[in-house]
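Single chain ahead, written as structure tokens, the form predicted on its own.
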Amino acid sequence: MSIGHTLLGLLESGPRHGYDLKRAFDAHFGHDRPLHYGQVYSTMSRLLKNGLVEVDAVEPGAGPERKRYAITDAGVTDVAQWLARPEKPEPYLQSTLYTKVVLALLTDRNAAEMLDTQRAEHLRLMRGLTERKRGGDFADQLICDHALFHLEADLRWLELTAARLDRLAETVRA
């Protein structure tokens, strides 16, 4: 995820302080990984330097001055271009899971047991996401569906690999 583009997109609705940007980010995108304040301010500093945002107002506070950021025309153009550009599909050809299966086979470890353990972990995570989906709003349901579909694909791969483990072992040991 591009934090910079996401913050720019959030600024399109109007100027905001860094604190407000963090809260909006976390509410929409940070359920599992909230944004750190330091990341917000370092990103805003870079966007300011690149001319994509400007300081709309500076307000005195109990601590450091509070800057309110606004998106510039160049920032709006940059977000529009980013949104229009398709994301590169991830083929996962360098999967850590695949690497572990092959290494288990190469080192005469129990790859089937490893696959069973991984399957159990996937199912545990899927149960949690399904529960979150039941209680979530529509946006939360969509992001949970996205994660669940990826986990289902992983589960299919785990099942296929378990069924073909003997053949894979012959191939990697040859």
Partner chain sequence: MTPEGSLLSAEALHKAYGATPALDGAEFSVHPGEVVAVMGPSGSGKSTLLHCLAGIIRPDSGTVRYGPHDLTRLSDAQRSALRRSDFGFVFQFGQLVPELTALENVALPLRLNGAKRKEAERQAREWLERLEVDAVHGQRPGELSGGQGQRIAVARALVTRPRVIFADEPTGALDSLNGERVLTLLTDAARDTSAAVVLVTHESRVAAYSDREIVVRDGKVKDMLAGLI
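Residue numbers count along the first chain shown, from 1. Computed from a predicted model, the values in this text were never measured in an experiment.
Heads up, the form predicted in complex with the partner chain isn't pictured, but that's what we're talking about next.
Residues of just one listed stretch (35-43, 145-153, 48-56, 65-73) have heavy atoms within 4.5 Å of the partner chain in the predicted complex: 145-153. A heavy atom within 4.5 Å of the partner chain in the predicted complex is found for exactly one of R132, R109, H28, R119: R119. Mapping the unseen interface onto this chain, E113 counts among the residues with a heavy atom inside 4.5 Å of the partner chain in the predicted complex. Taking non-hydrogen atoms only, E159 approaches the partner chain to within 4.5 angstroms in the predicted complex. In the predicted complex, none of the heavy atoms of A139 sits within 4.5 Å of a heavy atom of the partner chain. For the stretch 8-29, the set of residues having any non-hydrogen atom within 4.5 angstroms of the partner chain in the predicted complex is empty. In comparison with the shown form, the Cα-Cα distance of L151 and L83 decreases by at least 3 angstroms in the predicted complex.
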